[in-house]
Every structure is written in structure tokens, then in C-alpha cells.
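For reference, the chain that follows is the form predicted on its own, supplied as C-alpha cells.
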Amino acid sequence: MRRVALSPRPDWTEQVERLGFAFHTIDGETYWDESAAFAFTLEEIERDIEGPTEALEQLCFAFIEKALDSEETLTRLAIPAEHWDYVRESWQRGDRNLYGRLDLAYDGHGPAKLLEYNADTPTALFESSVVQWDWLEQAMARGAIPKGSDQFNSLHERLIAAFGALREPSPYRLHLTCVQDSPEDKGTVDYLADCAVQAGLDARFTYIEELGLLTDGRFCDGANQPIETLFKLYPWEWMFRESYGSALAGSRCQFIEPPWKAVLSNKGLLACLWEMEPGHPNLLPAFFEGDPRCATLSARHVRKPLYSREGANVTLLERGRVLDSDDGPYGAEGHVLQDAATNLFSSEGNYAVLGSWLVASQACGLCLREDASPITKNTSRFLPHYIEP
């Protein structure tokens, strides 16, 4: 694994906008950054990223089986008790999941380490799937990277196939939703809607603020059309706390991601996995804050809220001194402490985190986010990658 400095395409903004990538710049700062790319060997991808990603996914499934039988665990994960049966039944029914992203520390040496699992509402999908693939083809064509280079990226094909597996009975109507005033969320949902249409689904969009309830208990969109299946780029912990939270179980709506993802989309998962598999090569030591075992952590460790997005309220500490932190609205439900990764890729004053994508629980893509801070934030730059021939 190495970081390779490159010259951006002179017309890169026009090239990414041609694809429909509207949020390449955030608050005047570059988000899509092709001034460099990350090069990997095929062995690094297959041995150190793809294989461990699928192994961690299976470990998570084993954890769900244990967690759903443990009121203590569900309480520690801050899942409201009134929704426990709803979450359990979703798992027992085998409700299908669509996608997720494991964030990993990896520098090309030793095993990748799990930093967190974005199991419910991961973004950076469109740029991972379409934009960086387009960059790869153009980079080879202009000689910026070697001809015959490849990319760990079958996201687009896998997403279409996964949506196609939902198409029973046919025609199959799928609603997709996200919050208003978030270009990144809307871009992610628009891309998923396009994949669903390519899979033969009838895809319709409605903002989360437009969701309503019909008299028969079903959800409806802004046009009062009933919702049978809903892809929601909106976290389960927020859904549970909405005014319609008590209506979820009786709504007859299939949700993507399914309710059982609430068990995984929670940084308490990090402590639970370590407790279940201490010493696992792809895990970092982690404990719930207040656990006496926190004293066994390294002097340099990270405090993370159970529920948090894009690095918000994450604090990097060393011997009690704050080295770095990011503000935000999270933390009321509690925190975990996790050893700081010693294999976080760093180069030229920047840190990079790998995002390993899963579609239908199969590893199939990679993205890299880079920042001057070791805490990945909403504004951290996205850099493309390639596999050297």
C-alpha cells in the first residue's frame, strides 16, 4: 500500500459532474481529491481487506444471535426496550440487508483493524462505486497509472443484483427516503434509486419529513401512497424516537436496512465483539466506559459515543490529555473506549482510513478518506485507489 501523488485532470470538476456527482466540494473545500491515489497489491486486497471484511461480517452475525437473547446487551447498546421484539422478529424472519461499510485502520503491514461498522446509513457510496471507477479508466487512458490496473470495486453490479433479489412479487415498488437539505444523503439515495430501477423495481423518492401514517397503520409518502418497502438513509435510533416509532412494528413495511441492523450500527458493538473474541486479529481492545477493564487499554485511546456520525464527539486521548476531538450532538446514550490503532496509514501529515464495502454481506468495494486529523470527519477528503498490475 502506498500513496501516489498525481496531477488532477484539468477538467476534473466537469468530469465528475458529468456523472451526476454534485457534492465534490463541501463548504468551498475539496472533497473529491485526485491529487493523489492509493495503490495496493492484489494480495493486500484479497488477504488483508476482502477476507477479513467477510470474516468480521460473520462475527457480527454470531454476535446478533447472542445479543438478541440478552436483555443486558440490548440495554448496554441503548436500544429502547419497547422495540426489542421488533428487532428480534426482524432477525428471525431473515429480513434482507442491502449494504454496509467497515471502517478499517490499515497501512499495508499487519492485519487491518476495525474502527467502526457503518451498518445502517453509510454514505460515500456513489463516489466509491461510479466516480472512482470512471477516474480509474481515465487515469489509465492518459497514462497517469499503469495500464492493466484494476480496482476493488464491483459495487454497482452487486447493488443491482441485490435489488433484483427483492423483486418478488413483480412489479415491486420501493420507496427511498432521506432528510431534506443534505446533498450527500440525497446523492446517495438517488444513486441507489437508479440501481433499483436498473434491477427492474418501481423506485419512488420521498423525504423522511413527508412520511405519514394511513388509517390502517401503514406508512405513506407525501402523495399519500402506501409504502410497502422503504430504503431509509435515516438511523434506526432516530426512527425509534420519532412520533411514529410505536407504529413501526405494525406498519407491515419492509425496511432497508432491516431493524436488526440497530444491533450493529452502534459503537457499543466494538466492546461487545472484543468481549466475545478477545485477541481477534482484526479487532482493537474496547470496553464500555466505566468498565474497570478500561484500565488495561493503551495510554493512547479513543472515546466514542455509542451513536455518532462522521467522527462527531469522538475524542483521541493520551494519558488523559486530549490530542484531538470533534464537536457534535452525540454522547447522551454513553461511550466506549477503544485502543488507538497503531496501523492507521499516515503520509505527508495526513491520515487515511479505509472503508470496506459489503453488499448483501459480500465484500465488494473500497474507499479511502484522508484528513490532517486522525479522526475522519464529514469533510475528510475522498481519494481514489487502484490495484497495481
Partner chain sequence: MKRSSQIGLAAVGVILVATVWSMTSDDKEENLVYNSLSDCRAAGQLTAQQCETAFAEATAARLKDAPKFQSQSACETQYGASGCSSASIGGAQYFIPALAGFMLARGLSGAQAQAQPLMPPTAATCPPGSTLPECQQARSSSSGSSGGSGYYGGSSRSRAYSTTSGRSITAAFSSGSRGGSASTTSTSSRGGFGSIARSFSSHSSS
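Predicted model only: the values in this text are computed from it and were never measured. Numbering follows the first chain given and starts at 1.
We do not show the form predicted in complex with the partner chain, though everything after this point is about it.
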{"query": "Contact test, all of E46, E157 and N224, partner the partner chain in the model of the complex, heavy atom 4.5 Å", "finding": "yes"}
{"query": "W260, F219, F163, W274 - the one with a heavy atom within 4.5 Å of the partner chain in the model of the complex", "finding": "F219"}
{"query": "Candidate from R93, R319, R241, H109 lying within 4.5 Å of the partner chain in the model of the complex - any heavy atom", "finding": "R241"}
{"query": "Close approach of I387 to the partner chain in the model of the complex, 4.5 Å, heavy atom", "finding": "yes"}
{"query": "Residue contact check: Y172 to the partner chain in the model of the complex, 4.5 Å heavy atom", "finding": "no"}
{"query": "The partner chain contact at P278 in the model of the complex, heavy atom, 4.5 Å", "finding": "no"}
{"query": "Exercise: P285 in contact with the partner chain in the model of the complex, heavy atom 4.5 Å", "finding": "no"}
{"query": "Per-stretch contact check against the partner chain in the model of the complex, the hit in 285 to 293, 298 to 306, 67 to 75, 190 to 198 (non-hydrogen atom, 4.5 angstroms)", "finding": "190 to 198"}
{"query": "Partner contacts in the model of the complex for 139 to 154 (non-hydrogen atom within 4.5 angstroms of the partner chain)", "finding": "M140, S149, D150, Q151, F152, N153, S154"}
